[in-house]
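Below you will find one chain, with nothing else, as structure tokens; this is the form predicted on its own, and questions on how it binds or moves follow later.
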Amino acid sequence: MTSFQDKEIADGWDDVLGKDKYRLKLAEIADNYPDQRSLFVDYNDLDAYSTDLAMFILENPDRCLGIGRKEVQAAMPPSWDPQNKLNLRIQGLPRDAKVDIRRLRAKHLGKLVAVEGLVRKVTTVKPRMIRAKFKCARCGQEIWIDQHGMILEEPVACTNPDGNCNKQANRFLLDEVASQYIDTQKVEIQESPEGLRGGAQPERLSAYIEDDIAGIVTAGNRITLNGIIRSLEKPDRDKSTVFEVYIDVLSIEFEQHEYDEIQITEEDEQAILAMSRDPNLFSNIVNSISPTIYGMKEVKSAIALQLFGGCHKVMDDGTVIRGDMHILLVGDPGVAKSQILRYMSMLAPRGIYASGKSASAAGLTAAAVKDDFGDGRWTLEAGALVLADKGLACIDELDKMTPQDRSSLHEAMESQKISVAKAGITATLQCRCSMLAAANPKMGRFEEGNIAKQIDLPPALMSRFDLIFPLTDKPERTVDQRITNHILNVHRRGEAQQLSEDVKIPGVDVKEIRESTSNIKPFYDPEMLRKYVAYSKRIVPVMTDEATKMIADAYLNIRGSSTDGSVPITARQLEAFVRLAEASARSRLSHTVDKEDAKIAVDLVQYYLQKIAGTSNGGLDIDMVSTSFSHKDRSDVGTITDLVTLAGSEGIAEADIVTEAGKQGIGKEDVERILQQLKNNGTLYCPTDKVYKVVG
């Protein structure tokens, strides 16, 4: 690498700072000092002056920035007081300078790099002493000591040339008021989930932010830190030769768009536009979602639409309407729910996978942890939902979570915010993510009868899902034969993929196996599909009159189909219609939501309603999902409560209730379930075994 003298470095800075845009910035700083005291220089401008010098600055940042700060002071307007301190900050570092946290090595020490990540933890902004003023306790001599690091450095000896203080032990008094301070903040970032594959544990890095850029970062932000990698000795009692690393931050770049990290070249854009014109586009996208899993066309269609998502809307009065969709898969063991979730967490441009059995409320939302600035104050550490902001959160085994942990999801799903009140901290964190969750039925496997009653999730949580799909595993010879063939073909293709094409095995045609199982390969390459989804997020489709009418007619027809007073559909499902139709339009890169988009949305919602909320008489009752009691249950509850009330203070035995209720068409299982619910909510009580009385 070319070496530069101080004069050459100063000339380079002088030339760059002489540009009009920097002269204007310096004048602006002079007018707004001290509120504005940093000059941000684009790396591209340094590169345009001299590529060699720009690279030299990356390798020797401390020396070059020190010279640069002097040039900035010299370039200030004549009215500028040279005593005022200015910061010189470089931003927009090239891709060559970007280093993954897990790839930081000893060779990066002292170098200027860019590190991308998610803000995991943020401390409060605190003053750090940079120049300490001491007074000699004997003669009053003032001594200034520059402070480096976190440990206060005191004078070794008195500097008074006239006194004799140095000949004996002396004491120095710190003048805390006159000493000079700078704002400092410690943050911790971790690797972004989209950069991790195969369930790797995300690495973390501490960062120190100082002066006017301290305090602008919050937990959950996606940022790029441009700074100098430094080493820090471990604070052990014994001196260690192993050092920790941290980044001394020069500048912070916030991610302006949720998919900026996905680079879309001009060639990619041409391929994306060509994809959007394919008449079989949507079915090809569906076939690219977990192709090793057989069937599940409706589920995969819904998940494909979830990837694209609806439009996030902010109304005139500030009301926010979410565009993200939430989907729940409830199914028997072995129907590949977890496999779909894991696949989607990798396929989504930004995906987080968590298992409800091992996840706590703090792990999903935010945990309060003690910061390590020395005073033991509490600070927030972002959880899985916050880290999945503007992405996809895949939560497996939702039914295995404790009720307390599960309740933390309610606010996150509906308002897409997480309100935290822990350890004296009250804060609101963003979690604008779609949720794909999976759960098992109450008894481990679906039985014949009402499916909604077999899902062991509270109605308040279930009603927040836009789509709920029950996945049953019933023996059926034709379907079983197809699934068997598909699974065996998956394994055969997997075996063939491990072998080179020219391998000859007696009795096996490897090439024929690959050709005959080509349908198992995703139609679109996952990386290309990720880019397509990222590109589609730029589009905000608007509903046409035809689409609006189709959705309105479908909703009102279902709403008016009730004949027994039950509620077949609510406004929550109407919003699901809209989100699905918008997602369908986005998948085509269309700026309008057309009739075909509305039809896809209507078909999917009607499919899930028939599965979940279908009644024995062929109608719909959404209360099966969104409340504790369906319409029929409420009628049965009245009958059972009347029977217990008429029994008076003596109470009535459960067997007698079953007999009397049976005469009115209420089955034994329904009676037992309703009695348990009435006992749980405090309407009835059971003073002796199997005898019920009315409370009060």
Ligand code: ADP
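A residue's number is simply how far along the shown sequence it sits, counting from 1. These figures come from a predicted structure and were not determined experimentally.
From this point on, the text means the form predicted together with ligand ADP, which you will not see here.
Novice: Considering non-hydrogen atoms and a 4.5 Å limit, which listed residue (P279, P82, P403, P333) is close to ligand ADP in the model of the complex?
Specialist: Contact residue from the list: P333.
Novice: Just to be sure I understand the contacts: of A271, I487, L104, C139, which is the one whose heavy atoms reach within 4.5 angstroms of ligand ADP in the model of the complex?
Specialist: By the 4.5 Å heavy-atom cutoff, the listed residue in contact is I487.
Novice: Out of the stretches listed (292-300, 93-101, 175-183, 550-558), which one is close to ligand ADP in the model of the complex, meaning heavy atoms within 4.5 Å?
Specialist: So the stretch in question is 292-300.
Novice: Would you check, heavy atoms only and a 4.5 Å threshold, whether R586 touches ligand ADP in the model of the complex?
Specialist: Flag for R586 set to no.
Novice: Indicate whether Q339 is a 4.5 Å heavy atom neighbour of ligand ADP in the model of the complex.
Specialist: Although ligand ADP is absent here, Q339 would touch it in the model of the complex, with heavy atoms inside 4.5 Å.
Novice: Please tell me whether any heavy atom belonging to I520 falls inside 4.5 Å of a heavy atom of ligand ADP, as the geometry stands in the model of the complex.
Specialist: So I520 does not count as contacting ligand ADP.
Novice: Contact with ligand ADP in the model of the complex for I483, defined as at least one heavy atom pair within 4.5 Å: yes or no?
Specialist: Yes, I483 is a contact residue.
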